[in-house]
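Shown here is one chain on its own, the form predicted alone, set out as structure tokens.
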Amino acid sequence: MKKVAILTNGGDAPGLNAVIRAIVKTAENNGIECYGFIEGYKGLLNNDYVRLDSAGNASGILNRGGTIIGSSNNTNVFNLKTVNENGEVEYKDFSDKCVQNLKDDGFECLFTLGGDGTQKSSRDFSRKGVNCIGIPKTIDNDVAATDITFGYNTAVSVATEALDRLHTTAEAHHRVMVLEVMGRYAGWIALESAIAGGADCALLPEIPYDINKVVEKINQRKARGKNFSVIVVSEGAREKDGELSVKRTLDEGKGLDNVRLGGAGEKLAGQLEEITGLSARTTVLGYVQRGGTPSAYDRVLSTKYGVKAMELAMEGIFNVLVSYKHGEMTYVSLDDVVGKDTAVGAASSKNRTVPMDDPLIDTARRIGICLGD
């Protein structure tokens, strides 16, 4: 093996640069050249790439957030939105052009750093003969077949610090403070930060909540002289028989997340203020969770992921996802990660949500955190 390429795709996450650095260093130590496609699959389509060098552009990036080679979250090359000469919108499959680019460039392996959508495309490329190795990236921690994704620990730490700060203002003003965190389909961030930050309620996508249960928790605290409460809510949380809080819907094509969530926290705060009579305020943590310096844990985890990925490439093990299971780095088939949907350009059909028998659920309940059910 002489040449490999990396792309980072989807939303950014703390630790992406640490993974890149680990791949580059491991490659160089074995006489392998490493390159990076600019802006994810968009760079692959445009054949836009740069040489990565641990003594140059890949130096000093261990502690940097974001990604030095950029990312794209609206480029599904298997079903890409285009505008023809008549101004009409069409969706075309440009995957064969991407495959040809890889062949022409002489890349023997493509590392895909991303979440479920990124790995779905990676699996589809593998079926076209490309040697792909996926590395799971999402702060939501919802990529199937791995215990933890890099970036998640940092996101939980940021959310926990926010809760620490919200506690003081909640107590000072006798308010209900609602913190909305990321988590479209999975409530890992909300659940773990609620435990770490001493929240009174944690509302997750996995448990449609009863507003009356939340009110009951607040009133129990009022009866004990606690005239304030702190609540964490995932952006994908919804009431029983209710709908997701959708901010807007895009039309970027099949296989992409076209729904932009927003408003779950604001909706909840409004209801609670009306029912309880307490002043309620909302803080939407948003992109603060995924930006900035990765935690020490994520730096180490990312480095492990990068080293393992390069080792698999040198061993000739392709079309897999690097996986962290039971404290060890291993790998699983990309088919096991993205589900059984074989339609080209379709979205991944699998997500790692919080199971109801997870120890975190039991821990939260035992210390009195209301989960809305």
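Because the structure is predicted, anything quoted here is derived from the model rather than measured. One-based numbering along the sequence shown.
Not on display, but discussed next: the form predicted in complex with a small molecule.
Just one of Ala264, Val176, Val214, Ile139 has a heavy atom within 4.5 angstroms of the small molecule in the predicted complex, so which one?
Filtering the options by heavy-atom distance leaves Ile139.
Position in contact with the small molecule when the complex is considered in the predicted complex, options Met182, Leu166, Cys109, Val77, heavy atoms within 4.5 Å:
None of the others qualify; the residue that does is Met182.
Check for me: heavy atom within 4.5 Å of the small molecule in the predicted complex, for each of Asn73, Tyr287 and Arg290, yes or no.
Verified in the predicted complex; spot residues all in contact, yes.
Taking 4.5 angstroms as the cut-off for heavy atoms, does Asp298 touch the small molecule in the predicted complex?
Although the small molecule is absent here, Asp298 would stay clear of it in the predicted complex, with no heavy atoms inside 4.5 Å.
The small molecule isn't shown here, but in the predicted complex, which of 131-139, 87-95, 199-207, 101-109 has heavy atoms within 4.5 Å of it?
Contact criterion met by 131-139 only.
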